[in-house]
Structures are given as structure tokens and as C-alpha cells.
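Here we start with a single chain on its own, the form predicted alone, put down as C-alpha cells.
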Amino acid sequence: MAGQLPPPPPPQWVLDLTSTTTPSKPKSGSIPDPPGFTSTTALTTKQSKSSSKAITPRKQPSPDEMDTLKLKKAWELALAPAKQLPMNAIGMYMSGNSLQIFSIMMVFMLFKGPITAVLNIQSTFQRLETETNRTQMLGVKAAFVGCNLLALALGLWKVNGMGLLPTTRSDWLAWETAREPLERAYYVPS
């Protein structure tokens, strides 16, 4: 074997994919372009027109505008627990009042979420609070705490429905003292 054969040429589809030139398609009048289609020639003319115009960068928002945007975002965060209340209420209703693992875990998660949210309130609103909107953020934080208290009230309603809250007199019988009667009546059979 004095000489090796050269490798076979690549298939046509590889050449088509690697070529940088666009294939020229015959412009036939029988098939129109689909709606919304822009040809490459129209795109190049639009690009040349747009490059001739000066592109102005977006104006940076002023500090007042940033405070307004941050306050809007803070209100969205504050009212988010209230938006979850209908879903949680339907979930609590559908889980039933019996003591099962599913209903107990649902109630646990219903209590855990608002409590951790209230404990982490400073870190929740830290990135949105500035020196100029600090007083307005107090109302936002109060609304956030109020919405989480509503979720806790929903959890208390569920726990009461399950019979786990000691709300009746019979739940406190261990601390009741026996009443001493004023007199006793005895029956002696004759």
C-alpha cells in the first residue's frame, strides 16, 4: 500500500449547513410569501436605515421614580399572602376535619409560612427600603403582617374545626374542682 486514498467528500447537506451564502431561491409568482414573512432584502434595508439614525440610550430613572417603583413592588410583596388566602381556604376545606396526616401537614404548613414570613420581614423588604421611603414602608410592613395574621386566623379556624383547640368546658376538666353538695339525701329501703 504505497498511497492511501483521500477521504470521501462530505455529503451535500453538510456543505449546505456550513456554507455562509444563502441559497438563491427562485422567485416564482405562483407561491406568495406567508403573512408576517419579511425577506432578507427587506431586513437589510431596515437595518441600514436604523443604523443611520442615532440610537438614544434609555434615560435612567430619577431617585423619585425609583422610590415609586420600589414602593409599588413592596406593596405587591405585602399583598401576596392575601392572594393565597382563597387557595389555602379551599385546601383546608377539602382536607376535612378528621385527624389524618394530610390535614395535619396542611395545617402545619399553614402555620409555618406566615410565622416565618413575619420573622423575616426585615430581610424581605430590605432591598426595597431607602432613606426617603422609610416612613411609607411602615404601612407596607403593617399590611404584610396583617395579611399573614389573616393566614394564621385561617389556620386557627381549621384547628378549631378539627377539635384541637380547647374551647369547651369539658376540655378543662382537669382543673375543675369537685363541688361539695350542701346536703345529701339517702334512701334506705324498708
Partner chain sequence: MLLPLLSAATLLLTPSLAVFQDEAFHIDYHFALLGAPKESTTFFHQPNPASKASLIYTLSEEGALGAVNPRDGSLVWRQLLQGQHQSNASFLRAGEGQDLVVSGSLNQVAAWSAEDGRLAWRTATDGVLRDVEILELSDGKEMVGAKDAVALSGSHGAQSSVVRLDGATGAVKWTYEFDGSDEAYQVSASSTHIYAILLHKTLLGYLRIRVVSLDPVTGKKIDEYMLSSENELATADTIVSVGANSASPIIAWTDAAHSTLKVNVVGSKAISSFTIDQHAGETVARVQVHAPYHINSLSHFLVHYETATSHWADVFHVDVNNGKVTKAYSLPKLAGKGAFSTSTSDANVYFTRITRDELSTVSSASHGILGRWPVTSFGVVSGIGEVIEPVHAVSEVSVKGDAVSAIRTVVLLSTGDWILLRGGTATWNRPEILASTVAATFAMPAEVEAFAERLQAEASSNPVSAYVQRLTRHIAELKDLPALLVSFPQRVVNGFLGTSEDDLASDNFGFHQIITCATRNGRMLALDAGNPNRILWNRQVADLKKEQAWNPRLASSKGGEVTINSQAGTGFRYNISNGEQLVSILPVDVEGDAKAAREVRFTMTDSALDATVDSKPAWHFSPASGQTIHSLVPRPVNDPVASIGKVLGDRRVLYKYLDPNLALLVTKSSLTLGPSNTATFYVLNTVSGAILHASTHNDIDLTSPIATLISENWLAYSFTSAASATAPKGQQLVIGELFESLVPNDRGPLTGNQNYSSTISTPEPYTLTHTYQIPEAISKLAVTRTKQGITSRQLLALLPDSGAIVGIPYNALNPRRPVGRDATKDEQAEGLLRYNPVLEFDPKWLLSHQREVLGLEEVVTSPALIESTSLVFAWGLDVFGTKISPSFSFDILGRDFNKFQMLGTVAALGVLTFVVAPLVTRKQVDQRWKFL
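Rigid core: the largest C-alpha set superposing within 1.5 Å between the two forms. Positions refer to the first chain, counted from 1. Note that the coordinates shown come from a computational prediction; the quantities given were computed from them, not determined experimentally.
The same protein also has a form predicted together with its partner chain, omitted here; what follows describes it.
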item: Candidate spot K59, D67 and L79, all three touching its partner chain in the predicted complex (heavy atom, 4.5 Å); value: no
item: Partner-proximal stretch of 59-67, 127-135, 158-166, 144-152 relative to its partner chain in the predicted complex, 4.5 angstroms, heavy atom; value: 158-166
item: 4.5 angstroms heavy atom contact with its partner chain in the predicted complex for S170; value: yes
item: Close approach of A174 to its partner chain in the predicted complex, 4.5 Å, heavy atom; value: yes
item: Contact flag, A178 vs its partner chain in the predicted complex, heavy atom cut 4.5 Å; value: yes
item: Contact test in the predicted complex: L182 vs its partner chain, heavy atoms, 4.5 Å; value: yes
item: Rigid core superposed: T177 CA moves 2 Å or more between this form and the one not shown; value: yes
